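In structure tokens, one chain follows: the form predicted on its own.
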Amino acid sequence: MAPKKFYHDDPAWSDVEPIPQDDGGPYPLAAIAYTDEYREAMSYLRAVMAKNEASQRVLALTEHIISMNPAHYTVWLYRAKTLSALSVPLSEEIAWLNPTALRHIKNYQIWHHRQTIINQLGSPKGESDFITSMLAQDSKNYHVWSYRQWLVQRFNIYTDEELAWTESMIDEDIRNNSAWNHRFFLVFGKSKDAIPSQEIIDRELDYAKSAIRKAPQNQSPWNYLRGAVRHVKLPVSTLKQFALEFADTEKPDEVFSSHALDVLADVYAEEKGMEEQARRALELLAERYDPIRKQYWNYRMGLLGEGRVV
């Protein structure tokens, strides 16, 4: 543990009159129990912010506060402003930011700050390796995947290499919904209304089906498959024969995937004269294969009577 640092006895800060936090009078209703070290550091930050100071000592001060509270967005914003005012080489900031992010892997402010710096640098060089090191700690870290999507958009990295990397993440953990989501973003997300070529559509449907056959109860590739079909404007009936590989309302004891039943319920609901089959699929979900969501499946059954489908 690093030794505590105070500023009142530091000659480098003797010219600054700290501004204490105003909690609403001498008897605040619900004052936060800050440590003395943090309280004093923040009082000095308020003072330099009031004077709009940009200096190396300010950067050091923000670094100290961030080490105690990395979620303080005001500190990050003032740090970014100071970096800009001093024309600090942004590569140096990334070098400092890397170990800081690794110590606080689930922090919104760190990733927003990184995005700001990389955007100004204008290059994603080195980011792929850093992301790999972050995902090694938590392969489903929301902040990391969101940041990777931003990188793809910002630097137009809709490439075969990016797709291959995403596929490697799925191979490593076929249930990594974040990796499936990133693949969908790469293949279908570049243009909201654009429809890929038939070759790509067939490739993606086959890829998802192959993953489902490996783990039929894994919801991620089922969601991917249904999302792909919806995006390219194919009817859900396209998936009927595939879903029947894993579930059949006529064979209630041989259901290998509740998600296949869900697909069949939608297929039958749209087929003329098949409402009872749709109801049977939903009943199986409610009573046997997904009873924790019984109320939802019952709601879906109610829609059948109204001629509506979810």
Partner chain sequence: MAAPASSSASSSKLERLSATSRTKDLTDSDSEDMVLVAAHQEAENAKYIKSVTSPLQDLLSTQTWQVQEETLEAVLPYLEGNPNDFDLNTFGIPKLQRIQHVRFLNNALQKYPAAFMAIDASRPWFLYWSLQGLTALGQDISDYDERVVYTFAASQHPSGGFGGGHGQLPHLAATYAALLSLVIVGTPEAYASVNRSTMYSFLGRMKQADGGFTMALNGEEDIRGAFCALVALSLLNLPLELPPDAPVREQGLTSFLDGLTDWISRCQTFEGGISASPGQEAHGAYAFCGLGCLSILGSPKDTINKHLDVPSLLHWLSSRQCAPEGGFNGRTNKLVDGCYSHWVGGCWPLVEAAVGKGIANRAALGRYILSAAQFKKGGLIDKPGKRPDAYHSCYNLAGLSAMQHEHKYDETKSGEVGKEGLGGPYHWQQDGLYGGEKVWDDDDMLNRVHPVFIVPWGKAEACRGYFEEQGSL
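Residue numbers count along the first chain shown, from 1. This structure is a prediction, so every number in the text was calculated from the model and none was measured.
There is also a form predicted together with the partner chain; it is not shown, and the following applies to it.
Only one of the listed residues (184, 165, 207, 130) places a non-hydrogen atom within 4.5 angstroms of the partner chain in the predicted complex, and that residue is 184. Taking 157, 215, 234, 85 one by one, only a single residue has any non-hydrogen atom within 4.5 Å of the partner chain in the predicted complex, and it is 215. Residue contact with the partner chain in the predicted complex: residue 49 places a heavy atom within 4.5 Å of it. Interface membership of residue 277, defined by any non-hydrogen atom within 4.5 Å of the partner chain in the predicted complex, is ruled out.
Among heavy atoms of residue 77, some come within 4.5 Å of the partner chain in the predicted complex. Taking the partner from the other structure, the partner chain in the predicted complex has no heavy atom within 4.5 Å of any heavy atom of residue 14. Proximity to the partner chain in the predicted complex holds for all of 25, 29 and 142, with the criterion being a heavy atom within 4.5 Å. In plain terms, the part of the chain that comes close to the partner chain in the predicted complex, with a heavy atom within 4.5 Å, is 221 to 229 out of 193 to 201, 87 to 95, 234 to 242, 221 to 229. Contact residues in stretch 58 to 84 (any heavy atom within 4.5 Å of the partner chain, taken in the predicted complex) are 68, 69, 71, 72, 73, 74, 77.
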